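Considered here are two forms of the same protein chain, supplied as structure tokens in two stand-alone entries, structure 1 and structure 2.
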Structure 1
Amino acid sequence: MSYQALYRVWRPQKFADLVGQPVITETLKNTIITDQISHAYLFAGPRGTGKTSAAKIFAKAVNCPNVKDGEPCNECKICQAITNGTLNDVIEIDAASNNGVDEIRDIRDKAKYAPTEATYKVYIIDEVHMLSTGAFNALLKTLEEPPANVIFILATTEPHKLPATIISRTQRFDFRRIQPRDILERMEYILNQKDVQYDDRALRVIAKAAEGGMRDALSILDQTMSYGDDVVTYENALQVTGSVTTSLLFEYVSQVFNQDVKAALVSVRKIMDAGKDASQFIEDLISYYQNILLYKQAPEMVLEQELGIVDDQFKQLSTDANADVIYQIIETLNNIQQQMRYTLHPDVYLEVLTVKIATIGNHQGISEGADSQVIQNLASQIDDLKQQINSLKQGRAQSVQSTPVAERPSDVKPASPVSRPAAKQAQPTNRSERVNLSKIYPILDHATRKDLNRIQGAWDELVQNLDVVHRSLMNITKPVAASDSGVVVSFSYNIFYQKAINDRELIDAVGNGLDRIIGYTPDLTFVPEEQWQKIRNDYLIHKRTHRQSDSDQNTAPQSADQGPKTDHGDTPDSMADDHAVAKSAAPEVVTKATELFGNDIVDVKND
């Protein structure tokens, strides 16, 4: 026998095989058990949900002499004849091609005659919505006064196209889309029966692609099997359905979330090289993003619809994801999808798209970053102010007591607990943009105006000579300090600063550029603009305390080992109180000034 498609071989032959329509099969079985057969049925529902199968089984069950519990035996002559379509009393008509009045009249005339072999004459009219109006009217007549022992079973995918008069004369059953889980089980059953090896994930992909139609599912399964020599593998299932693996999708999506444009572009290339369809990819992406959103609100729905994509990674992603960003991304995806219809180069669009959606996150990042930056600044200012008030109070108490030398140990200690927590608080908030002070300080140590001017003069030319990507990045930078061996470059936006410090290629390109223009390659150090002021001030204070501790190492050891990261203002303050009269007059002026105006305003220049 020639090859038969799976869905034909495995067409259900009894009600128990009919998957996903428990209520309908139960009702039909009961109909037969209790012998309450109506003369007309209407089976409505999407394709591949079992309408025609149910009709044929019903035809058998009605006529089978050894029917048991409403199920046909499938062994007697009548059952087999119906299965083979050779019984004269069960007539299957495709209304799509027999849609005229004449055909229906023909039925009407023949329906008058009693069945020859079977008990009931069964007319199965498939795609009944295709009948012409005249044909409907002719049919209506027959349904109104049906001859005895005739059953009409009308099957349709579009019940709304039937006249209400027809519907009201039938017993209507609405077939539902079959749940992916049921499809999955049925495929497993078939493959086990056929003794074919399969990958569980492959079946999930197929069950999802079938969109509730069993016939679709089995067709895809069939294709997948012939593709892979009777083995159902995940890869083949993906090939046949044209979908992108969830792991690749996940990879891409997480790269987009992390704004890793480069890696995401590589992923796109990989996906396109694998021969995936660009618009299919975008569709997959949209549904992936949508699932993330849905999962945030209604996890059970995603679990039900998407077999398999919900793993821990997905859960993590959906909890981390910012809904607003996803809305924007989906919008962009939609736009691109439309533009894509008119292009011959979908991959170009995909790449543009990748950059676009990765930067959607960026804008978000910038505005958020700016906000948190402002808050952080304010917080640190408040901390400063608190400490200054503290030290002022203490200073006053001391001046009243006026015994500086004896007071010193007890004076430094209360100050430092205040400063420590403040420092600790400040640290975690700006952990992402921590600047490498160990590289900056040596440069600042030797910084001169002349070097800076030279670099600044060369900067424009340098930026112009970089390639496009780097140029756009460096456009918002400026050199803020330079020594003969190093440059400090400030970035207007945190986000680009972060990108730049990890970009080896960029640093090399800038280094090379400078080498060409000014003749040597300085050490490049990047700082975010917002932090530059603070770093500079810290440096100045640090330098001063160093100088002080150099000059009186034995008197103030605490201040020296506090290092550059300690909160400014505090240690020098207490020290200034200590040594105000005895040691340097200049630091006292400075500290007084910072006390009054705060670090952000006072700009100390050491001459």
Structure 2
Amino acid sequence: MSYQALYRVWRPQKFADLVGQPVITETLKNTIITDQISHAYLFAGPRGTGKTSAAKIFAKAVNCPNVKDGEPCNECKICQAITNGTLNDVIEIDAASNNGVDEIRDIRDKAKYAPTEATYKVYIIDEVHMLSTGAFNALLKTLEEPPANVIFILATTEPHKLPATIISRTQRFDFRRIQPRDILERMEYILNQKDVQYDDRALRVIAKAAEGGMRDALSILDQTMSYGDDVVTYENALQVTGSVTTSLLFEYVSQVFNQDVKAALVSVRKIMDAGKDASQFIEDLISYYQNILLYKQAPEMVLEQELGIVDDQFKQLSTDANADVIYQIIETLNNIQQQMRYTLHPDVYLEVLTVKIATIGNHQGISEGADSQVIQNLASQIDDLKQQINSLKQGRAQSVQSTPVAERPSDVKPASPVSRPAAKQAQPTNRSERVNLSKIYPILDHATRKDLNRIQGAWDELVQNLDVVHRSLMNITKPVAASDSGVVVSFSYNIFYQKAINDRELIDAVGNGLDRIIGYTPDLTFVPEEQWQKIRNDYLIHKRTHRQSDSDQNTAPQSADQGPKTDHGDTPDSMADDHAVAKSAAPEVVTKATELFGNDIVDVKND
């Protein structure tokens, strides 16, 4: 087989070729220059970001006799043998298929022998998280007391599955998703070297579809070249990725905002007839609506993500769009996307989705710049309802005036039992927004400003290290209280709070991230931001009441005839005493509030 895939031909052979990981490459080069080589490294990060390539380059650099500025020469016998995979002293192992105890014991036994040709014997264990518990235990002793001239490089896409004892014995490097701009520049360089004609728009589509993985980008590019007979066109890139053109997305979203259900359904049918992937279409929609929200707040972020492609139609749509409606649309898209995984009829879900999101704005207005005719119709309906209510009030007043005084009831009776259930039903009963105070109050009992500052200082780094889905949820959060064993996190929007409290994977990812950054995993408790102020005030009142009741128990009871009692059975003197106790307890409450939230946000008000 003479042809090789692009990602194999253009695999990085030196640190300068690695795309999107400048901090890691610079650190590894300095390690070689200063001869501070560790015995074990952990390369963690998403797929296709250069973990295995970096491991092979590092293996060449530590063994190359002609290394210069930390870079291998790639010309000597050692470098070429490592590149071809024929050097016996550099062993690459796939842990997915060699995950037993016996395989690791074999590595441990052979690692004791000195290298035959190279300076260091290097073991590259890929997908190390697939090892069994017994295999990890067998590897642990070797990592703890490694033989001389042996280096272990562990690569994984799921570092949270590794035992903490393994991670603590390695130097960890976290590979980040590669930015679309870097992927685009690398593809342009490769195509120019191969003298292949390409469309800039096609490369932008591929760069976005790769989701931060260079290997995925080159695989899609390879497929697009094959589909277009070594010519990369915009249409071919759309066909290969299953994406929808920007113009068609704008047309569909505009129809949804204008509540033109019939036209939106026609657009869906057109998309399905063109052979587009339904799941990819929903993914494109989520990304499009996300860009609309971002453009309203930070246009430069959208310009960077979309690689500069933002037309006037998109700008106008972002200006007119109602943010509250978009939040609901994104939530609906996410729910439909989950349901479509198990269906053989995605077109049905797309049509139901279209009808649903096109009618979301009925009670809120389609957009901030909605059509004036729609607003006039709503205003007319409201005026009609007001007139009907006024006429009913006048009729009721006249009927009461015409009733003889003797027949009127002497006092007002309570509402009939029939009306009570209706009033009860009018109350909100959304259980998903209820907060578990039994988890929050213990955290507040031991919360300090020092613990909160520590969590807040690590929060931005934690969010940036999460994957795309989890990062989108946690971007609108902030820690509001913390103790040495727990943290309370508030969400700006209820819909994201409801999604987060049931997302076990998200909670585990946040816990693992905090453990890596601050050294321990606190108990996480989520609250909606709009409820946090009330929860905090209720807690302070609860603490003050508790202290007041303890003080009352230590005070001798007063005589029952010391003064006239109020309707509640309290004498004026006892009420004054209670007020004095509450006032004396206030400094303790203020002290507790200061410990929890700091001086700058404490507001003391008299009852």
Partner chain sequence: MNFYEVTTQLKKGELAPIYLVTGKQTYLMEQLKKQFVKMIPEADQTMNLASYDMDSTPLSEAMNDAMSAPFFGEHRLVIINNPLFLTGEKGKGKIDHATDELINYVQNPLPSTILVVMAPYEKLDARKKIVKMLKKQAVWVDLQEVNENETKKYVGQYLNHRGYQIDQSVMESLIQRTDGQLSAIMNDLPKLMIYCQKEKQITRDSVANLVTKTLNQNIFTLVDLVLKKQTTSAVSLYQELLMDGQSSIQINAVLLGQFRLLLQVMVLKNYGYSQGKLASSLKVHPYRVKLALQTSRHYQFKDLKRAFLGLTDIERQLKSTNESPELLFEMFMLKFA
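All residue numbers here refer to structure 1's sequence, counted from 1. Remember, predicted model here, so these are calculated numbers, not experimental data. Between two forms, the rigid core is the largest collection of C-alphas that superpose within 1.5 Å.
Here the chain taken from the form predicted alone appears as structure 2, while structure 1 comes from elsewhere.
In the core-superposed comparison between the two structures, the C-alpha atom of Asp347 has shifted by at least 2 angstroms. With the core superposed, Gly85 shows a C-alpha displacement below 2 Å between the two structures. Annotation: Cα of Leu540 displaced by at least 2 Å between the two structures, core superposition.
Superposing the two forms on their core, we find that the Cα atom of Ile326 is displaced by 3.5 Å between the two structures. In the core-aligned comparison between the two structures, the Cα atom of Phe491 sits 45.5 Å away from its counterpart.
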